[in-house]
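Form predicted alone, single chain, as structure tokens, below.
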């Protein structure tokens, strides 16, 4: 496929899990109706972002990867709409918990699992209380619309993650996200920094990058506001579309064949010298 239409989405989340799922489905259907072939939902959209506090009761929100009703629901939707979707979810195993993502192809096939590699630990983002660092390594999937790599939220701040997926052949890098206010200092504004970091990944790897963030104010332990700003950038890091802090979708169409030609001609991977990068 040459031309690919990507959609990013953003929504508020409550403790009404069926309502969150229904809202996400509405966004997916809207995006597919406007021609999207690859649709990105935000991180952990099934519930509010519970990692603002350390509360063992929240561990009951997790579900196994195999037979997960959330994944089954969106796999059926992907097949119906003929779209590719990564689905973020809170995963439990017999002894561990992970912040995970299931990649669903356009025929509804679940291609595999990625577990978040980088786990943050700070005010408002206390994920180390809940999640074990991922053990899958970075992954890239050959989908019906191209080769897609996915990092989850804090992963997006690390150039090594983006470069690893690019070296594995990713045409598109996706980042489902939950980021907003910093409770220890309300004057900190991270939105522009957050966007520019990923735009840099796009430019350095000549890969399209898309991120979907949550929106709204949630009260889990304390008040935290999520600023949205979901966006899609081209392979030079230029913004193709950017959302504000309202719910909805945004779409952009990219030419993956032209991107591949430009990447090859630019020489970013030809001229790598990894033997000199060791510290």
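Numbering follows the first chain given and starts at 1. It should be emphasised that the depicted structure is a prediction, and the values quoted were computed from it without experimental measurement.
The same protein has a further form, the form predicted together with a further copy of the same chain, not shown here; the description that follows concerns it.
For a further copy of the same chain in the model of the complex, the listed stretch (102 to 110, 154 to 162, 83 to 91, 67 to 75) containing residues with heavy atoms inside 4.5 Å is 154 to 162. No residue of the trio 126, 219 and 246 has any heavy atom within 4.5 Å of a further copy of the same chain in the model of the complex. a further copy of the same chain is not drawn, but in the model of the complex it has a heavy atom within 4.5 Å of residue 204. Although the partner is absent here, residue 193 lies within 4.5 Å of a further copy of the same chain in the model of the complex, judged by heavy atoms. Though the partner is left out of this view, residue 236 does reach within 4.5 Å of a further copy of the same chain in the model of the complex, counting heavy atoms only. Although the partner is absent here, residue 268 sits close enough that one of its heavy atoms falls within 4.5 Å of a further copy of the same chain in the model of the complex. Note on contacts: among 145, 119, 150, 170, the single residue with a heavy atom within 4.5 Å of a further copy of the same chain in the model of the complex is 119. The partner is not shown here, but in the model of the complex the stretch 259 to 279 reaches within 4.5 angstroms of a further copy of the same chain through a heavy atom at 266, 267, 268, 270, 271, 272, 273, 274, 276, 277, 278, 279.
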